[in-house]
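What follows is a single chain, given as structure tokens, in the form predicted on its own.
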């Protein structure tokens, strides 16, 4: 009996480790074939440069030269202060150790991080094999897998968010805060994980004691939890301190958004404008409509998280949607696909029925071809 259980455990471990590896190879093949189809005369090494678009160019410059003290020349008064430091700094360090172009190193590191993020998400997917297969497909070979396999911060955001919620599931608030601190140095919305940690602590207290009585003292008496709340946003605070020293403005990451023409307004107004921005001709959705629908899908999945009483994940997802939406619809599709709680929830829903599972996987694999071509073609809905 013990030998049988051991064999089953070994097979499960092999499944968890090898399945994402297969989708990583498959996704790489799909993206490379799309590159070769789009630009048949380019040499192989150009594959990495062609997939490195939009913000990826900024990250390469940051990894190679760090932060500028003044707006970047020929960039419309934009500056790389808008981009948070953790991932470009990590790739920059590795690029100094490996004799390869920075964009190649960034892509290879992203592939490794994407693989790790997929494997570590196994418990969060309820150890459901079908949901896990769909998640591996989505991250490594799905329609927007280029976000996670090129030099973009989304893949690090997914990995760290996954680790936050894994450690929160074990009530290890201090470890969660350590990952949260790194998360807040990856993207601005990562700072909201501090609220998620506090929310999870409240939920855990209610489950343990069966009442809200004494909750304030019960929370404050947990010294590690109190410390965790203060540790979680440290990544942001350290970056602000650096900006204050380097350019004289601790909020430069926010103020420089003007260079991209972003203005703060009611998120509902941006959402309505996007949904009603119909194309002048044809029946395809406009880029604004795609971005607005992405935000709507994110809000719907946030509702599912709340319905499942996953309050810590729900509050992070809600804030990570509303706050960027206050500055417009730009990058909303990328932001939504990079929110691990949302994509994990979606995969668990799609895995409920066999027919839906098979259809979803086929759609994602076929969609990877067309969206990669759109990415290479500069479709602004994918920015």
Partner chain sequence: MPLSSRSKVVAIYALAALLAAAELVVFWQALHPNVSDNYRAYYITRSTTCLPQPVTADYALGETVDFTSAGDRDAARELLPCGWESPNDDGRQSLGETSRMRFAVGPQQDLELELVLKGINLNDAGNRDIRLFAGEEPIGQALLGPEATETFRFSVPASAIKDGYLDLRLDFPNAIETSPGIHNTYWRSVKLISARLSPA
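Remember, predicted model here, so these are calculated numbers, not experimental data. Residue numbers count along the first chain shown, from 1.
Unshown form predicted together with its partner chain; subsequent notes refer to it.
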Subject >> Among the candidates 241, 93, 268, 98, the residue which, in the model of the complex, approaches its partner chain to within 4.5 Å (heavy atoms) >> reply: 241
Original post:
its partner chain isn't shown here, but in the model of the complex which of 249, 172, 128, 204 has a heavy atom within 4.5 Å of it?
Top reply: 249
**OP:** Considering its partner chain in the model of the complex, find the one stretch among 301 to 309, 207 to 215, 286 to 294, 253 to 261 with heavy atoms no farther than 4.5 Å from it.
**Re:** 253 to 261
Original post:
Is every one of 70, 230 and 273 in contact with its partner chain in the model of the complex, taking contact as a heavy atom within 4.5 Å?
Top reply: yes
Original post:
Might residue 111 be said to contact its partner chain in the model of the complex, defining contact as any heavy atom within 4.5 Å?
Top reply: no
Original post:
So in the model of the complex, does residue 148 come within 4.5 Å of its partner chain, heavy atom to heavy atom?
Top reply: no
Original post:
Could you tell me if residue 157 has a non-hydrogen atom within 4.5 Å of its partner chain in the model of the complex?
Top reply: no
**OP:** Flag residue 234 as yes or no: does it have a non-hydrogen atom within 4.5 angstroms of any non-hydrogen atom of its partner chain in the model of the complex?
**Re:** yes
Original post:
Within 13 to 36, which residues come within 4.5 Å of its partner chain in the model of the complex, counting heavy atoms only?
Top reply: none
